[in-house]
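First, one chain by itself: the form predicted on its own, in structure tokens.
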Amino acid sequence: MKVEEQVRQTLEGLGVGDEAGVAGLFDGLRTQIERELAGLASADAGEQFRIRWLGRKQGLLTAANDNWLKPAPPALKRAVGRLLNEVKRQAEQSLEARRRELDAGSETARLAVQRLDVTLPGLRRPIGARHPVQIVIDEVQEIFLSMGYSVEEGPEIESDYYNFEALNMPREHPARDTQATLYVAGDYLLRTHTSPVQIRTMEKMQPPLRVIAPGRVYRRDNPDATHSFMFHQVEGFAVDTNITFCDLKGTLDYFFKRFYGEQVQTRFRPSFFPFTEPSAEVDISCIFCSGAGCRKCKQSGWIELFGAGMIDPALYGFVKYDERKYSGFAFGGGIDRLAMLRYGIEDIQLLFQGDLRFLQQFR
């Protein structure tokens, strides 16, 4: 007989005439309740169980008041009422406990899906590499800092005044034609060399000065293996009393020996720059053939690297230095070219293409 039918029948109809029989009837009811609770698989099923057994209008235990308690003989009413209340209380407690189990199970299942095992090794991020140009910049700075130089920087968008005029190149000067300038707006342009830093530094500082200025520069060049519209230069200068060309030669000879090795020799060839007088092209003996002549040095045994010279006294007028008291030298060269020779790179464009297969060689 279904439990619903049992509940909806009276005690007399079931043939229960004493407290032992009543207790047995409620034991069966408890067993049925526990069996159904054990079979609950979800919170929705728990709610359906509550309505089925404990609902105020249609619950089976609610119906027991009318079908079991009221018709019970007076001698059994107290036992039936007590046992009925116990069953209701146990059903409510068991339902609440089962709900907690179901909630904990669902939470455990959710956490199992989302579980993070902190003992597992993490995702390995690829280790980057220092860019060869930055490696060279750092080494150039280290060498000159060891000689007492300081490092200065300037804006990459520069005025015509600092980029040309204050460097002894007025608007009609033919030397401007060789620099293929990129103008931004009006008299502002992308600097074509780091020499403007020399003027800006001398404007705000008095001698003695020993300064280098590495940085990016820009020219309207067509890209090829040896040209790029953006590249890197280092400008260097020293201003003091009694500075001579010998100081310039000694400084650059020391630098190149530190950078490329003690076997390197330097050579100065007369040249022209608007902001130095006298001026020279600075060569080093070929680091590939030791001066014997090869494809790298075009069989000459020498490789041109820097331009240099004594600072033209005309520049001192722009920065209000006393040309009768002070003298100085300046030099400059391509950092990218230094790197290309150091690492045997034959195409400057490789430095700026961001190819990890290339850049990871320089760890």
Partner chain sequence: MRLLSSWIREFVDIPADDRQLAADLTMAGVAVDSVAVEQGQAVLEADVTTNRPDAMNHYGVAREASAIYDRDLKPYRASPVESARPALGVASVEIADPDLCARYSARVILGVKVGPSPEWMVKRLEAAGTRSINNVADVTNYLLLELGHPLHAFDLDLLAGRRIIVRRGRAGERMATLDGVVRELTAQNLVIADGERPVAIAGVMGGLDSGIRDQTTNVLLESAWFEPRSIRGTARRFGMHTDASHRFERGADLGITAAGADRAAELIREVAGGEVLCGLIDVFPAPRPRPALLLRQTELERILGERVPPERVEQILRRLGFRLAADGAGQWMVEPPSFRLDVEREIDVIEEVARLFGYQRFPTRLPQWSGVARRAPHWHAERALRETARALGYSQTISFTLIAPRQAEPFSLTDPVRLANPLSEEASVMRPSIVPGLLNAVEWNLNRGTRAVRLFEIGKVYAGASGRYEEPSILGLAATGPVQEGPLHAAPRDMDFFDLKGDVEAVLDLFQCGRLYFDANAGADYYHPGRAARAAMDGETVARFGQLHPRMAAERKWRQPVLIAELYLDRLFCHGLRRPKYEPVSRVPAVDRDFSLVVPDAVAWERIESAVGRLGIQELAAVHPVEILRGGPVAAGSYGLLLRTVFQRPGQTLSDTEVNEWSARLIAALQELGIALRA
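Numbering follows the first chain given and starts at 1. Keep in mind it's a predicted model, so treat the numbers as computed, not measured.
This next part talks about the form predicted together with its partner chain, which is not shown.
- The partner is not drawn, yet in the predicted bound form one stretch among 119-127, 286-294, 78-86, 91-99 has residues with heavy atoms inside 4.5 Å of its partner chain: 119-127.
- Taken together, the three residues Gly148, Glu156 and Thr181 all come within 4.5 Å of its partner chain in the predicted bound form, as judged by their closest heavy atom.
- Interface membership of His232, defined by any non-hydrogen atom within 4.5 Å of its partner chain in the predicted bound form, is confirmed.
- Although the partner is absent here, Tyr343 sits far enough away that none of its heavy atoms falls within 4.5 Å of its partner chain in the predicted bound form.
- Of the heavy atoms in Asp138, some are within 4.5 Å of its partner chain in the predicted bound form.
- In the predicted bound form, no heavy atom of Gly334 sits within 4.5 Å of its partner chain.
- Shown here without its partner chain, the chain has Met205, Pro208, Leu209, Arg210, Arg216, Tyr218, Arg220, Asp221 in 199-221 lying with a heavy atom within 4.5 Å of that partner in the predicted bound form.
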